[in-house]
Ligand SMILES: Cc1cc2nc3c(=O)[nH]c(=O)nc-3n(C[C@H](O)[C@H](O)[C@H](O)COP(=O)(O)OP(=O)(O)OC[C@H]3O[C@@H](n4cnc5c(N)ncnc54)[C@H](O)[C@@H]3O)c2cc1C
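A single chain comes next, written as structure tokens; it is the form predicted on its own.
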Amino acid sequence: MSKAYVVVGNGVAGVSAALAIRSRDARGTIAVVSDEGDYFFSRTALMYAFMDRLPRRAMEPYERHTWRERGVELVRARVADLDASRHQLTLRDGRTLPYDRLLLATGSRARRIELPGVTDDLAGLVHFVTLQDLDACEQYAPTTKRAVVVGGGLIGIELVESLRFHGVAVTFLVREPWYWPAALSREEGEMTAREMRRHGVDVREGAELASVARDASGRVASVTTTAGETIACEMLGVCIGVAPQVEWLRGVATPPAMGRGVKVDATMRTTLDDVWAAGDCAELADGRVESIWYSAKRQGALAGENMSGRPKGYASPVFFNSAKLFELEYTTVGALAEVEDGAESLYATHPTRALSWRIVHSGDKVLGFNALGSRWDHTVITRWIEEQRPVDWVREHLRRAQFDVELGRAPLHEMTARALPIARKGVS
């Protein structure tokens, strides 16, 4: 008898699971439920759509006929209730959806900010995580002279760059002493801030939002910082991270065990029978939530395999990410912030160009790698970390991990390295 599979969420975890299920089970029915959009889109492409480099349709990695051909039903709806005892979902419009196997892949939501003047109906307040956020940004940008963006991570700088593309003046409030200390050393953060300023961004390190004022129409009119400065603006971007999209589950008939996210075991099973979770909404057995696209894809595929075949455990991969911080190429691999006591950091910069690399190591074993201003092959560095290569060996062979690009490789021989002390579990 064929099984009925239901996936809640059509992000990368959900669709990876659906495709993995179909590759193992040719007969079962598969329904993917989401109220964000009709089709799976690449969330990393939001800024390119906002900057008019991609049409909305091009944000979809798969042709639309793929789902029909694979026998995957796409259901545009929001789930209102989960009754695991009856193996049934109830949708907000009253329909019910039975299942034999269920995956929760609801992703994450933008963290909200609670301050005087900030309410859900505040016009001009935007985030940058969902398609609806993109709609709001495109709605407000044409009538915005100045925007204030709060938050010092990747989402924040993507929104800042997009707004600058549209000619909007931007003040970027970074609460920490330098930009993105969770990922960058002070030196790297300051290099990135210089790049933002070069593109006309008013970067304010150590600045924190205190309140927001609105005009007579209910739109953002100004913000005030904790230092007492008032900045006139028509748009406020809040980019202070994401949180698992799981609050709705706390009120369902049979909620799974939850902490920050839905708790899962090594096979991505929840505490409910025949229910799995994957991606940004899943909390691993050690308490971690891996809120990154690559991990969500990996977890989703594994969950799909486990739902339709012989279970196997999830092992977190060596972390990596890459991006462009305005014109600065950025590559990170391995552990840089959560590292063992006694770890050390080696940092190299170019005397005249915005180029750097940083290696974090413990004893003679490389733990992580960061680079700004040049392009690197993370697969090579990942292999070195997995092989526990000595730091001197990695330095000697760094060139092997560089990509050949049109304008040439970064001149490693012109870069001077020095030690950066690590005073805590993180790079100072």
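For every residue, the number given is its place in the sequence shown, counted from 1. The shown structure was predicted, so the numbers you read here are calculated from the model rather than taken from an experiment.
There is another form of the same protein, the form predicted in complex with this ligand; it is not shown, and what comes next is about it.
Heavy atoms within 4.5 Å of this ligand in the predicted complex are found in exactly one of 326 to 334, 304 to 312, 171 to 179, 276 to 284, that being 276 to 284. Put simply, of T230, T143, N321, S211 only one has a heavy atom within 4.5 Å of this ligand in the predicted complex, and it is N321. Checking M258, A221, A84, V129 against this ligand in the predicted complex, a heavy atom within 4.5 Å turns up for just one residue: V129. At a distance threshold of 4.5 angstroms between non-hydrogen atoms, V238 is out of contact with this ligand in the predicted complex. The shortest heavy atom separation between V12 and this ligand in the predicted complex is within 4.5 Å. Heavy atoms of E387 never reach within 4.5 Å of this ligand in the predicted complex, leaving it off the interface. Contact annotation: H378 falls outside 4.5 Å of this ligand in the predicted complex, judged by heavy atom distances. Contacts between stretch 277 to 296 and this ligand, counted in the predicted complex as any heavy atom lying within 4.5 Å, involve A278, G279, D280, S291, I292, W293, Y294, A296, listed in sequence order.
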